[in-house]
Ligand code: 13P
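Here's a solo chain for you in structure tokens, the form predicted alone.
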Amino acid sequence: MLSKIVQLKEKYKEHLTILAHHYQAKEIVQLADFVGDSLELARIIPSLHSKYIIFAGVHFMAETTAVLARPNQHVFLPTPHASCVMANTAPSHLVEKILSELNQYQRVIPLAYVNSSAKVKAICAKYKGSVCTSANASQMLLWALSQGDAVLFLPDKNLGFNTAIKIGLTPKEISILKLNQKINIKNKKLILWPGLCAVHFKFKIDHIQKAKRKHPQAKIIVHPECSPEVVTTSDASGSTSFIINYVKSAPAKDIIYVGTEENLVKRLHDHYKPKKTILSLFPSYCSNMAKINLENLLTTLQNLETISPITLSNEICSMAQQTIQTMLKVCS
């Protein structure tokens, strides 16, 4: 399969680009033309001129690529079943309903983590909001707070809370939305959607304590999708790119425990040994990222000219693009 994929890549040459998220398995990453986190890959897409773009990631990422791609470009996800647990906690019809109710009381600006569907991004545009990644969440939350009376951050409550504390909000100014109860946002600056990441939810204080008992001098770095307790107890937290750069700049002989998706941790471990010791805080895999494999990547390549690409209505595409362009402009 690997040999056939390489042959097909050579056949299409500049007419094909394969993008891969950092959480993909090693064999997929090695075949990609570009590897990055959500923000890095979003910035790359407008510069691509290839007719065919394959995104090795999950569905919302392929949708974002389709939103940013040119009209003559075709975006493919090797398997349509690669969804996102976090994104699925915020279905578009419910987001629309909640925003309509919230805006009866005051002007609430939606800020959606890019881990959300194109329809949710479009709804954010309708209410003059935007999107963010874990890399620029602080900057985008400050922007959103300046645009209205309060902000609805969705769908990840942990990223929203950790970012809010980082920029100086107090817990009293933050409220977690209870979807089955009457909404009361009096004196609140930030309302959090009650979603979670299935990968980062698994990291616990016990894992940090165990790591420190084994290596008291070790550093602990985690993703801000982890619980506030885990983030507070760690030595550092940040986006995927932040984690990669933290490990890169760490002194030789350092021992670093990393709390994020296991495929990335393994690659960091292999890349830096024996100069640095990079260990997993706890092995946590994204089952949806794992749905992309050599077999369905090969099938996609073999049928590029006949299978259906990711498609979005012109209205959804245009409105979702507004939110992404706002993010890229604010963070330029």
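Small disclaimer: the values here were computed from a predicted structure and weren't measured. All residue numbers refer to positions in the sequence shown, first residue = 1.
Another form exists, predicted together with this ligand; not displayed. Remarks below refer to it.
Exercise for the section: Quick one: find which of 108-116, 175-183, 205-213, 161-169 has residues within 4.5 Å of this ligand in the model of the complex by heavy atom distance. Expected result: Contact-bearing stretch, as computed: 108-116.
Problem - Selected contact from T89, S227, T240, S234, since only one has a non-hydrogen atom within 4.5 angstroms of this ligand in the model of the complex - result: That would be T240.
Problem - Contacting member of M289, L31, I278, I45, with respect to this ligand in the model of the complex [4.5 Å, heavy atom] - result: Only one option qualifies, and that one is M289.
Handout entry: D37, S134 and H200 all contacting this ligand in the model of the complex, non-hydrogen atom within 4.5 Å
Key = Judged in the model of the complex, D37, S134 and H200 all sit within 4.5 Å of this ligand.
Practice task
Consider M61 of the chain shown here, and say whether it contacts this ligand in the model of the complex, taking contact as heavy atoms within 4.5 Å.
Solution key: M61 belongs to the contact set for this ligand.
Practice task
Answer for K121 alone: is it within 4.5 Å of this ligand in the model of the complex, judged on heavy atom distances?
Solution key: Flag for K121 set to no.
Handout entry: Heavy atom contacts to this ligand in the model of the complex at 4.5 Å, residues of 18-33 in sequence order
Key = Counting only heavy atoms within 4.5 Å of this ligand in the model of the complex, the contacting residues of 18-33 are H21, Y23.
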